[in-house]
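You are given C-alpha cells for the same protein chain in two forms, set apart as structure 1 and structure 2.
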Structure 1
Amino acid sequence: MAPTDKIRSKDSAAPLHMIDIIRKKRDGGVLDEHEIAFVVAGAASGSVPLEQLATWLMASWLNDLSVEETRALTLAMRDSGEKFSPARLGKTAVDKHSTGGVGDKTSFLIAPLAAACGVAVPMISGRALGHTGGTLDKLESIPGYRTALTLDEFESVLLKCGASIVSQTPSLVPADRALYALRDRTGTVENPGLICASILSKKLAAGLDALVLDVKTGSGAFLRDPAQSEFLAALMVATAEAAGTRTVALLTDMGQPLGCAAGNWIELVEAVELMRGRRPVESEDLRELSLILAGWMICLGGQAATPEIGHARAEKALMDGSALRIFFEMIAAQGGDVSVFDDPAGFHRPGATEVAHAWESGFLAEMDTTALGWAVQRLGAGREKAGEPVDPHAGIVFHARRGAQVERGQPLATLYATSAAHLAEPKEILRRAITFSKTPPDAVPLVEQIFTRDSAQEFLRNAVR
C-alpha cells in the first residue's frame, strides 16, 4: 500500500485524491493539513505522478500558501523521512541556511567557525537551484568528497570535527529531494511558502536547537521585492519557532555577488583563502557577513553572551587557523582529498577562459545579480536537467565590485567555461547585467534588518496574506 492511501480527509473517512487537491488550490482554496500531508507523502514515495506534483506546485506558486498551509507543509516535509538527533553530540546544535544567492559561500566559513567556538553544526544543504549555486555542488569539486552520508556517518563526522555538510538523501527529507528538483525545472522556486518549507524541513529534520537564517534581498534574491523578502524572513522565523527551534533571520544584501568568485571550485578557493588569514579587499563583504552570521550562531549556541562577542570569537578562529583545520578535517572525514588546496590554481582546469573588459568608464552602479547567476550556471557551473553533472571549474571571478570606479578597457571579470562554445551567451548576459554611472552609487548595508521571534510574529500579524 502506498503511504498516501492511509491519509483521509479531515471531514470524512473518504480517501483523498490528488486531482481534487490540485483543483482546490487552483481555485484559490486553502488546504488542510491532511491534504498537504497527502501531497507530501506522494512526493516522498513517488506515488503521486510528477505531472500532478508539478501542477500542484504551480497552483501553490500562483495562489500562494497561507501561513497555516506553509506550517503544515514544513512539518509534513520534515517528517517525510528519517530524522537526525544531535543528542549524543553533547553540544548545542546550531546551523545557518541562506535563501540562495550568487557567490554565496558563507557555509564553508561559518560551519568551521561555529564548530571552532564550541557549537555543533549539522548542516543539510542543497544543490544549485534556479540561478543560485548549491553548497553540495561546490563541495563535490573536491575529489572524493561524499555528501550522501548515512545518519551514523553524519554523527561520527560531527563527533570528530564539530561540523558536517551533507545532502538530503532518499531517507532524509525525501519529500524535499523530490520537490526541490521539480521546482527547479518548473519555474516554481520563487515563492515564500515553498522556499520556507523546503529550507525548514531540512533544518528541522537535523534536530537543531537553534537556526540562523540568511534571507537575501536585492537583485540576486529569489524574491526581489524587499517586502516579499521581509515576509519570507518573518514567515520562516515564526514557522521554525512554532516547531520549537530558536531562530533569527538576517535580511542581507544580494544586490551583487557575495565576494569575488561565483562558481564551484573557485568559491571554495575564495573561502579557504580567508581561512588562511588572507584578507583580499574584494572578499571583504563575504568575510564580514560570515563573521556576523557565525557570531549569531555562537551566541544562540550559548558560547557568547551577544552576537557581537560571537563575532569576535569567530574572527579569532578565522585568524588563528582553527577554522581551516576543522574545515580540512571535515573534508577528509567525508572522503575528500584536501591536497587539492595545496595548489588551488594548478587544480583549476576550465575548458575555456576569457577576460571581459569594461566597455565604458564610470562607476559600477548596478549588477543584475540574477542574470549574473544564470551566466555562471550557463558557463557550465549549473545543470540544464536534474541529475546532470556540473562543471567544477566553470564560473566567474569579478575584478570590480559595485561602487568601484573603472576605466574603459580595464578587466571587469574572468569567465571560466566548460568549452569555448559555453562562453558566448554568458558574455552577453554579463554585458547586459552591469550598468555604469557617472556618480558613485549609494552604499547598501550588508545587513538590512533582523527578525527575532517577537518581531516576526508582529510582522505577520500586520501582513495581509
Structure 2
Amino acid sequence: MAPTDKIRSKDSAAPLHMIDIIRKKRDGGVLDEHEIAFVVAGAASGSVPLEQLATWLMASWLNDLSVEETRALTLAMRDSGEKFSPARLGKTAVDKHSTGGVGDKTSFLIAPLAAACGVAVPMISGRALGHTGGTLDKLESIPGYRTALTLDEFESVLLKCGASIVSQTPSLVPADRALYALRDRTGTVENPGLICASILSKKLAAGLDALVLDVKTGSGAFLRDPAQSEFLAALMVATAEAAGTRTVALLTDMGQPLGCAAGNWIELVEAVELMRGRRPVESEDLRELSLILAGWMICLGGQAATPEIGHARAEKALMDGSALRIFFEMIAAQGGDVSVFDDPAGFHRPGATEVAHAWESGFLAEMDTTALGWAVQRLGAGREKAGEPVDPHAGIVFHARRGAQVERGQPLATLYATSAAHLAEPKEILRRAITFSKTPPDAVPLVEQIFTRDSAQEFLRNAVR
C-alpha cells in the first residue's frame, strides 16, 4: 500500500484508507473526526487522488453530513493551513457573510459602519459564483484596489482603518480550495453540510470573535427551498458557536435584487450614495438590511447592549459621514483611487446601454431573481469560467421594485453591456423573469427569521433530515 493511501491517526491504532472511508459514506455511515481529518489532510496536501475526493463528495452529497460530521469537517478545514489572529487589533473582531444574492452590496456598507462604531472587521470575501455577484469583483472596479494582501498587510489595514475586505490567501484554508473546485465541477455545491464547512472554515480561520450570517431565501437564493435555508442557517450558527465564535443568522429576502443596482461599479456607486447620507426610495431595502446586519455586528462586538441600539449607532455613522470616511480610507490603504467617486457617472463607461420599457401595465408581482442574476452575468458583469475577466461597467439598474404599479412603456430597467451584442439575451431574460398582475402582491418581510445559538440548537434537535 502506497504511503498516500493510508495514515495512522495519533488517536487511533488502526490505519485509515480512503477507499474504506468512501465505502462507509456511500453506504450511509457516519464518519468520525479522524476519518474526516484524513480526508481534509489529503485534500490540502494533494495526497488523496482527485477522483477519490470527488467520489467522497458525491457520497456526502447523496447521504448528507450529520451535524457532528459537519462540525468535524469545518474544524479540520479551518486548521488545514495558515490562520489569522486579530489579537493585536485590540478590538473585538466581527464579520458578516452572505450566502449570495443579486445586487447584494451590504458588505460595502456594514464593514465601515461597524468599524465606525468600534468593531474590527476582517472580511475575507469571494468572487462571482453562478448567478450571484462577487464582492471582490466589485471592489476591483476601483482602479488600483488590491484584494490579494498578505496577512501582515491585512493586519496593517485593519490597524489603520478598522476594516479590510480581501481575498483568501493561498495558504488560508487550502483544503477548501481543493474541495470547492471539485464541488463546482461535480454537481455537489448545494448541500447544507458542505456549504456550512466551506463558509465557516474560512471565517473561523480569520480568528473571529463573532459572526453575523445573512442566509438568503426566495427566488434568488442558492437554496430556494425555505426548509433548506432554515436548516443551513441553524447548522451554521450551531457549528460556529461550537467552535467558540458567537454567531447569529438572519434569513433575508432574495425574492428581488437588493437595492436598485446589480453589477460591479454601479453597486459601489449605490452604496456610496447611501454613505453620503442620501436616501433614494429604490435603495431603502439595501439601507435597512445593512443597518440591521451592522446593528447585530455592533452588538456582538460589545459596542451596543442590543441589536436595536447597534442599529441606531450604525444609522448615526451612516448619516454623519464617518462610515464613508472609513470606506475611503480602506480603499486608499489597499491601493485604490478614491477620486473616481468624485464623478461616478463620468467614470462609468459601458460599451452599450439600453433602456427596457414595461411591456404591459399593472403591478410588478414577481421577479425570478436567479434569472435576473444570469442576465447581469451575460451583460458582461460575471464570468462563464473561473479566471475570466469581468466587465466593471456592465449591469442593470432597476427603476421599479416589486409591488410598484407601472404603465406600459414606462422605463423598467437600464441595461449596461460590454457591447451591443451582449444585450439581446439579457433583454429576453428580463421579459421572462418579471411578472405583472392586476392587483398588488403581498408584502414580503425583509428579515423572515433570526437564529441565535439557543434557537439554532432547538431547531436542529427537531429537524428531520
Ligand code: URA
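Residue positions are counted from 1 along structure 1's sequence. In this text the structure is predicted, and so the values were computed from the model without any measurement. If you superpose the two forms and keep the largest set of C-alpha atoms that fall within 1.5 Å, you have the rigid core.
*Asks:* Looking at both forms of the chain, which one is the form predicted alone?
*Replies:* Answer 2, the form predicted alone.
*Asks:* Quick check: residue 406 between the two structures - does its CA shift reach 2 Å or more after fitting the rigid core?
*Replies:* No: residue 406 shifts by under 2 Å between the two structures.
*Asks:* Is the C-alpha displacement of residue 95 equal to or greater than 2 Å between the two structures once the rigid core has been superposed?
*Replies:* No, because once the rigid core is superposed, the C-alpha of residue 95 moves less than 2 Å between the two structures.
*Asks:* Rigid core fitted, then: does residue 183 show a CA shift of 2 angstroms or greater between the two structures?
*Replies:* Comparing the forms between the two structures, which are aligned on their rigid core, residue 183 does shift its C-alpha by 2 Å or more.
*Asks:* Core-aligned, what does the C-alpha of residue 33 shift between the two structures, expressed in angstrom?
*Replies:* Looking at the C-alpha of residue 33 between the two structures, the offset is 3.8 Å.
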